[in-house]
Structures are given as structure tokens and as C-alpha cells.
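A lone chain, given as C-alpha cells: the form predicted alone.
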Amino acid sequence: MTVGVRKENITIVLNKPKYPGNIGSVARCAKNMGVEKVMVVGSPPADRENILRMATHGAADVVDGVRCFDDLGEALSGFNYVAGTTSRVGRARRPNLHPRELAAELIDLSQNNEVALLFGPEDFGLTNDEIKYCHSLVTIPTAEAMKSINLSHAVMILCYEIFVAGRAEREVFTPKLATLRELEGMYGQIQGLLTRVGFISPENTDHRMMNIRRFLSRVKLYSREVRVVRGVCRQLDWYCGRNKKT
């Protein structure tokens, strides 16, 4: 069976947007390309009149359906795949995908998985602590003289590539992946075990765990595989405790 992108399984997640009008502009851009779910993390959207004005009448239903969260981890906990956007590079940031590469991956992933496209604040973008939730990072290429892109423009570019990719049908193989909630539980268990055996120093957990997250995010883990990893961690933790007593 050949299929295209299931845009109903894709959600735009705006983390701490600074300007209410941008929420409306994002809603309009997303709906133009067939993506109709938007979430906002941070303070609840204010100035609803401005939001609706920027969204125009055509995207008013998207604005009405915006879900709001206080915490990013909570907002993303139900998603199976999170793609974060960034214009910055560095050791803490993986090799980044081109928007077209991400869109091609979503043909497959979006069939059985809830996908979040995560955007940071307009001025600073996503922090290193926030990108730990991402399975992949995507960077929109720009001319050297102009690296920053308006939030709604960035959303439009990604949604356009997804819209175009949706027309190029192909075979589907990826079943439903583990949710972020399941992955975070696994990472917490791994961190506790590796700290206990001395592989991770309590003073340097973030750096070590970021490398482990980066390594495991290359593998599309299913729920049953996460349960296996957690079972191994529990058994090792029990064994270390028994060994210590003897």
C-alpha cells in the first residue's frame, strides 16, 4: 500500500512565543498547508482579538482548537516523534536535517505516530535543555547575511515541504513508536542506574545523558523495546544492590 503524509497526525508546538499575533500567523500558515493542530507552551495566549486578526477568518477554527500547556515536557509527553527547529549548531546539537529530508521521513512516520514540530521563542529559539526532547533537529538554510527567520515563515516553510511530500506517495513500514512519556521514563531509569554504578558523575549528568539520548534517538524505539530496556535496568539495579549487601 502506498500513502502520503497524514497531516492530521502532525501538530505545531510553539514553545513560549513572545507575540500573540504570531500565534495567529502560525495558525494561518499551517492551515494553508493542511496542518490544523497547534499547541502553545507557556503563558496562555493573550490578546485573542489580535490572534484572530492575524489568523484571518479562514484559520479561526485552528485558533479555537489551540491547546495550552505550562510545561514543555508535559505538552510533548503524548507524541511519538518530536522534530525541533534550530538555526544554531554546536556539539550539543546533532547533525541537522534539511526541511525536505524531514518531510520525506514524515510520509512514513505520520501514518501510525503523533508527530510534533517544535518551535522555540522568536528571539532565542530552543535551549539545549529543551532539545533533549527531540528525536531530530531541522535547520532551514538561509543566506549567510540573514540567518533569522520570522516564526510564522519558519512554520510555513516546514508545512509547505510536508504538503509537497504528501503528494509523493510511497510504501510505509514504521509502526507506532514509543511516546515521549515512555522515553523520558526510560531515560530517568538509565540515568539513575548509571549514576549508581559510577558511569555518570552527579556533577555532570546533563552532558553524559545528552550523548546517550543522542545515541538512542537514532533508533526508532517501540513501546515494547522501551519496556525491555527498563527491565534490564531494573535487573541490573537489583543485582548491584544484592552485590553490595554481600
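Note that residue numbering follows the sequence shown and begins at 1. Because the structure is predicted, anything quoted here is derived from the model rather than measured.
Here the subject shifts to the form predicted together with another copy of the chain, a form of this protein not shown in this document.
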Have a look at 28 to 36, 206 to 214, 64 to 72, 183 to 191 and name the one stretch with heavy atoms inside 4.5 Å of another copy of the chain in the predicted bound form.
28 to 36
is_contact(H98, another copy of the chain) in the predicted bound form, heavy atom dist at most 4.5 Å
yes
Does K132 reach another copy of the chain in the predicted bound form, with heavy atoms at most 4.5 Å apart?
no
May I ask you to state whether A59 is within 4.5 Å of another copy of the chain in the predicted bound form, using heavy atom distances?
yes
Consider N113 of the chain shown here, and say whether it contacts another copy of the chain in the predicted bound form, taking contact as heavy atoms within 4.5 Å.
no
Just give me the single entry in M156, L137, L126, I107 that has a non-hydrogen atom within 4.5 angstroms of another copy of the chain in the predicted bound form.
M156
Indicate whether the candidate residues T142, S152 and F163 are all in contact with another copy of the chain in the predicted bound form, with contact defined as any heavy atom within 4.5 Å.
yes
